[in-house]
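Next come structure tokens for two forms of one protein chain, structure 1 first, structure 2 second.
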Structure 1
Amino acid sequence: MKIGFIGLGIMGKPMSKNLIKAKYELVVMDKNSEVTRELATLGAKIANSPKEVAEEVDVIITMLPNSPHVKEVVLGKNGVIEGAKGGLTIIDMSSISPIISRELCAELEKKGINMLDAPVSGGEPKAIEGTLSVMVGGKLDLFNKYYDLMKSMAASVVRVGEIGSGNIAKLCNQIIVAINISAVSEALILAQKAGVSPELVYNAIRGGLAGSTVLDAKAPLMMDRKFKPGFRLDLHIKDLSNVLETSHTLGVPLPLSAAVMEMMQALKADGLGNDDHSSLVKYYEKLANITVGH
């Protein structure tokens, strides 16, 4: 099976490397020529456009920032749709609006092209390890056909339902992660302000009901002041924007998500959009006039 991979950023590069490790033949495309050359040294072939990728492969994985980028790559000039043969499958592993996933799938089906939406969770560390969680929407037979391919990049691959369902699941995931990071930030700020070691509080609570993957992943980063992005704040803002757009369309009030969105927007206004989303703690530090640390 020959695989195309479009989008070699923080997530896409390690994911594509894991496909190469799994012995898949890869054709890659990205605007960053440095990263495509890096993949070429590992055995990947470089393509110059999405159309060129589509002409050479059986299945294409896209890992792009947001809905407009996916639409441009798939339907735009020199896009996938111009080079695709009937029967090609696109697995969009970007985190985009579920509404756009459904629109894209409908357009592609007119040309005999299949689609799964399969966003991921886990950030850069799990992308590197190949232990991502993948949430998939689309036809069951397609899911079964490409399960092993997706599993080569992930610890968990779960079909949630029909097309768009994967991105609904990802939006739910991002709600929980955002609110969790906010809660961790509040707790560590309270401990610091009270003169109690945030590290000891973290160690005391992590084995109880307050323990979570988010707590273990993000509290140490906050205390160590390590805000190099595993998942950029700007990308979480993008996801929460999709959350709120979708919730408003469906008539579902999400007051906590909206509140965290505004906190993140305040940090972006302070120039922190490229920091890890654990930098949400800085919003609370500014309010309390204190810095979390060991």
Structure 2
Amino acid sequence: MKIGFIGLGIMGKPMSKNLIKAKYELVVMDKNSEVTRELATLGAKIANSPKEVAEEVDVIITMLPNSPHVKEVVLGKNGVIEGAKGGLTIIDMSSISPIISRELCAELEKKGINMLDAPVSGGEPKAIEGTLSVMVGGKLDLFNKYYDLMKSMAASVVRVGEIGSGNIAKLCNQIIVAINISAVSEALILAQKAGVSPELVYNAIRGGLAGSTVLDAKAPLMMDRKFKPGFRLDLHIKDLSNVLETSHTLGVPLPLSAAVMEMMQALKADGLGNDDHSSLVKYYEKLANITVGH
């Protein structure tokens, strides 16, 4: 099967390499010609526009930073829609607003083009290993048809519902992760200010109801002052921005998500946008006048 792949960034590049490993024939496109040349050495064909990609394949994977980029690549000048034959399927694996996923899909269906939204979690390491988690929204027959394709980049591929549901699930994930990081920060900062060892507290509580993947993954980083990403604060801000846009549209106030967004914005303003999102603890250190260096 011949696959188009648009967007060869930190995530898209290793994902496309895993497709090549799985013997798919690839037509790739990215603004960064260094990356497309790298993929070409592995056998991928380079296209110069989304339109050109669409002219050559029946299914296109997009892996782009956010909603506007996906809209531009699909509907813009020299976009997918200009080169697409009826029956083409776009699998958008970017993490974008589920509202935009739904709008795009409705627009595309008018032209006989299919769409799945299929954002991933797991970050660069799991993209490289091919062990991402994919959350899929869209028609069941499309999901079944492209399950194996998605599975060649992932450890799990789960259909959550109709179009947009993949991104809703992804936003739910990002809500919980963001707030849980804040929860761990509040606990550790209280221990520290009380003169109690955060590490001993961590060990005392991790096995009980306070236990979480975030606690085990991020508390050690916070205590060791290791803020190399991982997952960049800037990207979590993007996700929370999509969370709040969606929640406001749906009429569901999310006060803690909004509060954590403000904390992350404060850190970004302090120049920490490229840190791991666990650097959220620095917001609390600043509030509590704790000085610890970086």
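As the structure is a computational prediction, the values presented were derived from the model and not from experiment. Only the largest set of C-alpha atoms that superpose within 1.5 Å between the two forms is called the rigid core. When a residue number appears, read it as a position in the sequence of structure 1, where counting begins at 1.
J.: If I had to pick the form predicted alone out of these two, would it be 1 or 2?
T.: It is the first structure (the form predicted alone) rather than the second.
J.: Test your reading of the motion between structure 1 and structure 2: two rigid parts, one hinge. Which of Ala169, Leu39, Ser121, Ser97 is at it?
T.: Where C-alphas switch their better-fitting rigid part, the residue is Ala169.
J.: If you fit the C-alpha atoms of each rigid part, what angle in whole degrees does the small part swing through between structure 1 and structure 2?
T.: The angle the smaller part turns through between structure 1 and structure 2 is 12 degrees.
J.: Relative to the superposed core, what is the Cα shift for Lys226 between structure 1 and structure 2, in Å?
T.: Here Lys226 registers a C-alpha shift of 4.9 Å.
J.: Core-aligned, what's the Cα displacement of Val281 between structure 1 and structure 2 in Å?
T.: A shift of 3.8 Å.
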